[in-house]
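Here you get one chain, nothing else, as structure tokens; it is the form predicted on its own.
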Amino acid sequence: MSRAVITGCGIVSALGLGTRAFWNALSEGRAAVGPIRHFDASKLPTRVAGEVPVLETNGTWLREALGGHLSEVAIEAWEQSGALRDRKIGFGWVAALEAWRQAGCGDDGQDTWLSMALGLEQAFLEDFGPLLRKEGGRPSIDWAAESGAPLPRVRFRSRIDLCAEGLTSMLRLGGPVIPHVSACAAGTLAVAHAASLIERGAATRVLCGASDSMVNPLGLGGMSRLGAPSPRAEPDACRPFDRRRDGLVIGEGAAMFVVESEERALARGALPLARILGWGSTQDAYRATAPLPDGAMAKRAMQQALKRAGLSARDIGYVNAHGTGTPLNDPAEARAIREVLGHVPVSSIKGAVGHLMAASGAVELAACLLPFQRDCLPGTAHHRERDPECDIDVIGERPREAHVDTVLSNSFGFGGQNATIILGRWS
């Protein structure tokens, strides 16, 4: 059985573009949630986000960010199609290129698979706005208003794998493409799937990770209707595991990884960033937008990951929690962590970068590389008041120095999807 290792990592987040900006900010305990700038959110109930510091993800930005890796013809075609309005497409490309370069990969992607989690948002409010009508006092969409559309009920939908399509072209990837759409656990599952392909010999190299952005009027409005975001439009809107927590804050961005067999990596002189040791996945089968209160299935996902890794609870040196800062998620997760792992340092980076939805697990896995890179455990931005309902060792706002060899990351999603992945220090 081949061992799966991570040899490249690329990140786009509210903390900036690139792994260096991301790890520097986490090492310094900085947070980047603030007022939304790339559109007018003043009339929305949610007006703050973990927004990537890019006002327009247009062709001009891509030319600079990709440095010629996507042809001028291709960039113009993507821009004319209108697809670049979807910020997660460009974020995914930029993160993937950084991971590809960091791993030392070149024009040899013919046998490389792509395992990628993508957000499911396929249209924007600006598409629907001109067609909104009121019938009997109730809003509706006049699907017949554009008579030239061949399939009126689906014409605004774009394919969810456009980011993946652009990546396969830009990096000339020749292997199968696998989109993951399991909500906020999807990013973790995309990486776990890559590791499983490596372990069983189905693939020798996989580009994997996630990209998402719901920082737009339709995305924010929908989440607000669910009551998930904090009602406070403040930089500390998300306060994971804090007694005062009152909801999440939405973020955006991408994290991509090159995962390959350890043999292949060492043979070509690549230096692994970490080993992928184990993973687990379960389903709450409870409610669409609420976790199982006793955390039983989250607990089982962690137990599965430990078993697959051949580790015991005392081997885990740090937990990067899903830690949404919502009233229901944090106590359930804290209960599961305490019962499985006992007293172990735990933090959540969602107070610093927001909840990146489908990309959250991937970006948080990138944060899990920080202990191996700098002997530093990320802090939990805006965690100031301990909650007895979250009786675990929560790292506060300042990062904690520590040398650990094994870290565990949790990701839980709407629909009851739970995923856990364990990384080990490579030496």
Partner chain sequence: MRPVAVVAASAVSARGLGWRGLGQALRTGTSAATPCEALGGILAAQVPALPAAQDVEPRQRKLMSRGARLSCVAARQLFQEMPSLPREETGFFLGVGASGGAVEELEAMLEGSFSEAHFDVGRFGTAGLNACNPLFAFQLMNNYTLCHAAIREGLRGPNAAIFSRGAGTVLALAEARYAVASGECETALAGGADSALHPVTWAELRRDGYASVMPGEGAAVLALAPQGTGSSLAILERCEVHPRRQQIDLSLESARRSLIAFNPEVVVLAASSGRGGSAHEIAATVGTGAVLQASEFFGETLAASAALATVVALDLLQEGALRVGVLVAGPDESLGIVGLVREGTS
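Think of the rigid core as the biggest set of C-alphas that the two forms share within 1.5 Å after superposition. Since this is a predicted model, take the numbers as computed values, not measurements. Residue numbers count along the first chain shown, from 1.
Although not depicted, the form predicted in complex with its partner chain is the subject of the following passage.
- When contacts are judged by a 4.5 Å heavy atom cut-off, Val73 does not count as touching its partner chain in the predicted bound form.
- Residue contact check for Phe414: one or more of its heavy atoms lie within 4.5 Å of its partner chain in the predicted bound form.
- In the predicted bound form, its partner chain stays beyond 4.5 Å of every heavy atom belonging to Glu64.
- At least one heavy atom of Pro45 is located within 4.5 Å of its partner chain in the predicted bound form.
- Remark: of stretches 333 to 341, 236 to 244, 316 to 324, 168 to 176, the one touching its partner chain in the predicted bound form is 168 to 176 (heavy atom within 4.5 Å).
- Every residue of the trio Ser140, Leu189 and His193 has some heavy atom no more than 4.5 Å from its partner chain in the predicted bound form.
- Only one of Leu97, Met297, Ala309, Cys105 lies close to its partner chain in the predicted bound form, with a heavy atom inside 4.5 Å, and it is Met297.
- Ser281 is the sole member of Gln303, Ser281, Ser230, Thr204 with a non-hydrogen atom lying within 4.5 angstroms of its partner chain in the predicted bound form.
- Of the residues in 119 to 145, those that come within 4.5 Å of its partner chain in the predicted bound form through at least one heavy atom are, in sequence order, Leu120, Glu121, Leu125, Glu126, Phe128, Gly129, Leu132, Lys134, Arg138, Pro139, Ser140, Ile141, Trp143.
- Annotation for Asp127: C-alpha shift of 2 angstroms or more between the shown form and the other one, rigid core superposed.
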